[in-house]
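Quick heads-up: it's one chain on its own, the form predicted alone, in structure tokens.
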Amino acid sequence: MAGGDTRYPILVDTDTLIAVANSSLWTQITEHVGLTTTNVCKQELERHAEETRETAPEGSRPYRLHHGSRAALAALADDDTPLTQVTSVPRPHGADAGEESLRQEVVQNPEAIDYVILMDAAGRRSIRRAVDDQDEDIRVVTPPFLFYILYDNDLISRREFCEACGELLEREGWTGYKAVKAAWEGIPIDCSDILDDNLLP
């Protein structure tokens, strides 16, 4: 984990970390994109790593949760990786604790954040309301946006970007109309020559 109190301006939740940690672009993300998560999300990752089995069938949800969580935790533990955590005070509890910890961070430290990345639609709405209340210029986007950051910085090709987005949506089961539409929000890249229509907005 990068220096104790380091904050990177991209705030990510548990599902985002798991989804991108399971992707082919995880190495590029951990080398080039500084991310911040919360202690609550870290605890969710630890719970997923403990409660799911390494031997789960490849491609299954337990397999993805286990391996993605372990990869994200390894990155958090590595001082050379630009992935850090902040502590949520007061600590939120319950099923949406991770998302609530991101919302709390937006309310308490809006000047430190440029992007909040999460897939959950209700979580995004709640955080957008907090951003509006703070009158801040923070973008609330979905996990594929991390791949766009790599592309926008000339670190991957358009084909690599498109394929990684398609793989992520299929692997995570984010293939419903609303999920796909949300996934591409704010991404000005045309992948229609590479991906099937059902993975495009």
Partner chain sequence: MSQESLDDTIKFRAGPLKEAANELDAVHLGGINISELGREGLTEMLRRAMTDDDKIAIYERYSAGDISEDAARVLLGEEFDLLQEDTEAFREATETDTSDYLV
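Fair warning: this is a prediction, and the values are worked out from it, not measured in the lab. Residue numbers count along the first chain shown, from 1.
If you look for the form predicted together with its partner chain, you will not find it shown, but the lines that follow are about it.
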Given that its partner chain is left out here, which of 183, 12, 18, 25 has a heavy atom within 4.5 Å of it in the predicted bound form?
183
Given that its partner chain is left out here, which of 53, 139, 159, 47 has a heavy atom within 4.5 Å of it in the predicted bound form?
139
Find out whether any non-hydrogen atom of residue 145 is located within 4.5 angstroms of its partner chain in the predicted bound form, and reply yes or no.
yes
Would residue 134 count as a contact of its partner chain in the predicted bound form, using a 4.5 angstroms cut-off between non-hydrogen atoms?
no
Would you classify residue 78 as touching its partner chain in the predicted bound form, given a 4.5 Å non-hydrogen atom cut-off?
no
Its partner chain contact in the predicted bound form: residue 187, any heavy atom under 4.5 Å:
yes
Considering only 143 to 167, what residues come within 4.5 Å of its partner chain in the predicted bound form, judged by heavy atoms?
144, 145, 148, 149, 152, 153, 155
Are residue 176 and residue 116 closer or farther apart at the Cα level in the predicted bound form than shown, by 3 Å or more?
closer
Could you tell me whether residue 187 and residue 139 have their C-alpha atoms closer or farther apart in the predicted bound form than in the shown form, knowing the shift is 3 angstroms or more?
farther
